[in-house]
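As structure tokens, one chain now follows by itself in the form predicted on its own.
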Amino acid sequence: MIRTTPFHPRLGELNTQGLYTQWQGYLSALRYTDAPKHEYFAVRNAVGVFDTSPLYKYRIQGPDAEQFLAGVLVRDVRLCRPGNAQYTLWCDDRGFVMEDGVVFRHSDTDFLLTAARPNLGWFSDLRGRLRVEIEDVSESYGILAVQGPRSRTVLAMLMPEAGSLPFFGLADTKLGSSPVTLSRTGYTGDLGFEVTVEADQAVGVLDAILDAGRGHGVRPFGEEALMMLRIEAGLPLVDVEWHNSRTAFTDHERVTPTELGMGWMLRGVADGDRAFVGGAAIRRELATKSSRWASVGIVVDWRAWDMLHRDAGLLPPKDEHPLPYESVLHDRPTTAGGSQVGYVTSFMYSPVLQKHIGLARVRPDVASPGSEVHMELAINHSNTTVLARTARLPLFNPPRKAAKP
């Protein structure tokens, strides 16, 4: 049975296309108009709203809640003070990534953790004798992402806290008469916020935000625009950049936090004594430098791209829709006997950067920014390669995203 989110009664009216996909059993809009690029530019230039309610939401409470989370999450939640949020991962015993999510710390003993896939049983089995309660509150709340350079201006008209909230800060406040949690978080790589509200008050909160944003170019955006935004921002997606280690068939589908480009989460892990699931394996990987891959961005050489297509009698395509498949990376053109050095997991033409870009996994020895690689593609039903170079992630990183208010 397909379900609808708490915001659907209003967002469904705004969807002129009636195009949806299924996200964990909920309808999720692919796009609201016939041009997802317009929705994309609303986020990059003005303000857009995205319904992220299908995320699973787990309330974790009790005297030992911090101790519990410190033992199951990769990132040290003890460093996250009340009134802040933290992006994190959790792994299996072998140090392979299972899922990612954001943990919101409301107090010393009260947390909310989001996840893209169901994880309640796994977390519950790890409680042991700790004094902690884990409750699935997924259906009780809606979450609305309000993203873009004008998002702060719009939300500050409704909640003064938006004007002073730091990056990954959160505040329990009210929007009108509705209690909400406002956090400076999101999945677009831009200035943005998320509003968590009780399900029965979601439509009223959405209406207030849409009314406040009318003079600022507000519009809803769907998954097609979100995919463009998150690739530019270098944000990985489960089942695209990696597969949950519990459901992956082989280790080729699994990655460690370092291989996923999340090594920054491991600061202090090598020298610390915090025991967490997968920690021993991760420490061995760090000590032996045995990571198989490094996650990087790639930028295609536009001259090489244009020449390949024009020499084949084609107009060089500039398609912002991400490719639905991986592309192999070689150290040299295949015509020169190149061998594989990695693969591209997400690839598109970036409207704001005006370049063909991608997220890729390469051997550590070719991960330095500017390293030359050759991406495989098919032209006129024949495989060839095009010159590209590795780049640091994120590929689009405006100062406004994390700047102090």
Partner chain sequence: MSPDTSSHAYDAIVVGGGHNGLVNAGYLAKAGLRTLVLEQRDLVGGAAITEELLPGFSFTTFSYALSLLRPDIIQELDLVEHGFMPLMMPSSFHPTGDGDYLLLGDDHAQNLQEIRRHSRHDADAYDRYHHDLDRVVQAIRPLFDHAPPNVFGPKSERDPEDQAEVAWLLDHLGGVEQKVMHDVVRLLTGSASDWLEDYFEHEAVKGFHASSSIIGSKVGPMSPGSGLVLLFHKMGEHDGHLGSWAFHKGGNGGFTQVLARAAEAFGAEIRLGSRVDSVITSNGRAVGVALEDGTEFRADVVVSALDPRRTFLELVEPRELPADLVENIERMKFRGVSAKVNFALDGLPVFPALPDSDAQYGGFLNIGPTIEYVERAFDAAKYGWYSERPFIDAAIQSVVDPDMAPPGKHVMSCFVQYAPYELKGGDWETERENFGDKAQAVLESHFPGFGDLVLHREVVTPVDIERVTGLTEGNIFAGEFLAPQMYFFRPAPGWSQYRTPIDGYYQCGSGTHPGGCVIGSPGKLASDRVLRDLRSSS
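Residue numbers count along the first chain shown, from 1. Not measured: the values here are computed from a predicted model.
Another form, the form predicted in complex with the partner chain, is not on view; read the next lines as being about it.
Contact check for Gly62: every heavy atom lies farther than 4.5 Å from the partner chain in the model of the complex. Proximity of His243 to the partner chain in the model of the complex falls outside the 4.5 Å heavy atom cutoff. Contact between Met307 and the partner chain in the model of the complex is not found at the 4.5 Å heavy atom cutoff.
Contact between Pro324 and the partner chain in the model of the complex is not found at the 4.5 Å heavy atom cutoff. Here is the short version: of Met348, Leu377, Ala70, Val352, the single residue with a heavy atom within 4.5 Å of the partner chain in the model of the complex is Val352. Contact with the partner chain in the model of the complex, judged by any heavy atom within 4.5 Å, is made by just one of Arg131, Arg332, Arg81, Arg303: Arg303. At a distance of at most 4.5 angstroms from the partner chain in the model of the complex, none of the three residues Leu14, Thr21 and Val137 contributes a non-hydrogen atom. Screening 49-57, 62-70, 332-340, 354-362 for residues having heavy atoms within 4.5 Å of the partner chain in the model of the complex returns a single hit, 354-362. Contacts with the partner chain in the model of the complex, taken as any heavy atom within 4.5 Å, map within 33-50 to Asp34, Ala35, Lys37, His38, Phe41, Arg44, Asn45, Ala46.
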